[in-house]
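Given next, in structure tokens, is a single chain: the form predicted alone.
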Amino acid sequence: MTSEKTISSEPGPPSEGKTRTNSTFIRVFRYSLLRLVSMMVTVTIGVYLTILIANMGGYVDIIMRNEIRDNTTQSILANPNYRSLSPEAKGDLIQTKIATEINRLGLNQPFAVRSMRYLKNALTLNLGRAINMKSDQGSKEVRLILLERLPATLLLTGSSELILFFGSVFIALSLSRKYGSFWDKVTIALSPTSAAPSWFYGIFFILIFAAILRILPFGGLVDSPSPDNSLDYGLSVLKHLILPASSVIVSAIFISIYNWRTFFLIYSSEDYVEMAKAKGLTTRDIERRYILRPTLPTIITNFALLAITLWTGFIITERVFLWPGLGITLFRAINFYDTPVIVGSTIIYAYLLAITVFLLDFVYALVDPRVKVGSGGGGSQ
């Protein structure tokens, strides 16, 4: 009887484990599907609103038609080949060319119809051609225009934001060990300086280091003419990078340190930290196990969102320093009413943001065992 009971009870645990695995897979799959659908809806709404705003609800069409009419009329009247034509023939020719150009740009269709076409092209990453802007190579492909400016933006935003992020985290962790010290008070006192944007500091840096001291360039990416030697070219770029990167770092460093320092202080005052101190653990072990590890999801979130902002650049700061990145490209696109460039930049940022937010839930589950993807009615808890 004992052997029979033992044999009959053996299949139980494997069956339960298989059922639990299937249940987990179904839960995660259902959660992932719902999140993907909801994010796609959000991205679609956001991109369509961008299309409406970039076109001013269709008002840009009126501006473009007027520009086409003015440019066409002036070009024909100034062309010596058409001087022999009668006024009636010139008028017919002007109207014909205006109609041709309007049809080529699709302005003969209602804005509601074209906005849906813009939306479809944007969601499928068919960025199309710019209306007025061109790349340095003369191409009007939006993809090439953005890719051409991307390296400069990655250089500026990547160097400044990464230094800002890691520098503020490590300095804040150090200050949290010395609560109430002189440097802790200095950081608190200087945190309001972050109320000024980076371009504000950039103007002062230009006045001091470029106009008065004349030790750094006013702006641009490289000296003109650009050096032929690769080493000299890199040093020239680095020299031009100092002022814009410094303005970004200085504008946010103190408030960032203050925020992280406060965050670490909250966790360092927990009971389990006091218990670890009582056990005699070293400061390094306490910080690694009981302060940094619980805050890892927040650190990962901030770093992931920071990585996304590398795509956007600093619009006004790049304008102040004449930095040829995506920020100044977007600024010019807004001035030129170049909707494809504006929408193209927005859709890529929207996709990067949606993908990052989607993946963060799974990253949380990996770094924090308390988080279970899809539990509690379809959320991460």
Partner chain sequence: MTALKNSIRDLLRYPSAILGSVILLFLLAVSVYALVTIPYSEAVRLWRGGEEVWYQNPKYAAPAWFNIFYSKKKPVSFSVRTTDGSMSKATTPSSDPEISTVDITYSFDYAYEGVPQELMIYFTSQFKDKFSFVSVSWITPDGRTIRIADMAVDHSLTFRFSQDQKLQKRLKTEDVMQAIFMDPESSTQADLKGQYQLVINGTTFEKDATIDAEFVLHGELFGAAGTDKYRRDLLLPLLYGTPIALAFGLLAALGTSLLTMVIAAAGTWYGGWVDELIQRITEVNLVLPFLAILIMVGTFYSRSIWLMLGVTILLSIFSGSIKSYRSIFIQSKESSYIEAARAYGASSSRIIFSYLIPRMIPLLIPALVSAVPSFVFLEASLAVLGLGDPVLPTWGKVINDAFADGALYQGRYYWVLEPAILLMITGFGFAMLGFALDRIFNPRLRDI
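Since the structure is predicted, the reported quantities are computational estimates derived from the model, not experimental observations. Numbering follows the first chain given and starts at 1.
One more form of this protein, predicted in complex with the partner chain, exists but is not displayed; see below.
In the model of the complex, the partner chain sits within 4.5 Å of a heavy atom belonging to Arg319. In the model of the complex, the partner chain lies within 4.5 Å of some heavy atom of Thr262. Using a 4.5 angstroms threshold between heavy atoms, Ala196 counts as touching the partner chain in the model of the complex.
Not displayed here, the partner chain is approached by Ile266 to within 4.5 Å at the level of heavy atoms in the model of the complex. For the candidate set Gly106, Gly234, Pro192, Gly91, a heavy atom within 4.5 Å of the partner chain in the model of the complex is found for exactly one residue, namely Pro192.
Proximity to the partner chain in the model of the complex, defined as a heavy atom within 4.5 Å, singles out one entry of Ile98, Leu123, Leu310, Ile188, which is Ile188. Contact annotation for the candidate site: Ser23, Val28 and Val367 all lie away from the partner chain in the model of the complex (no heavy atom within 4.5 Å). Of the stretches 155-163, 113-121, 224-232, 210-218, only 210-218 has residues with a heavy atom within 4.5 Å of the partner chain in the model of the complex. Contacts to the partner chain in the model of the complex (heavy atom within 4.5 Å) from stretch 327-364: Leu330, Phe331, Ile334, Asn335, Tyr337, Ile342, Thr346, Tyr349, Ala350, Leu353.
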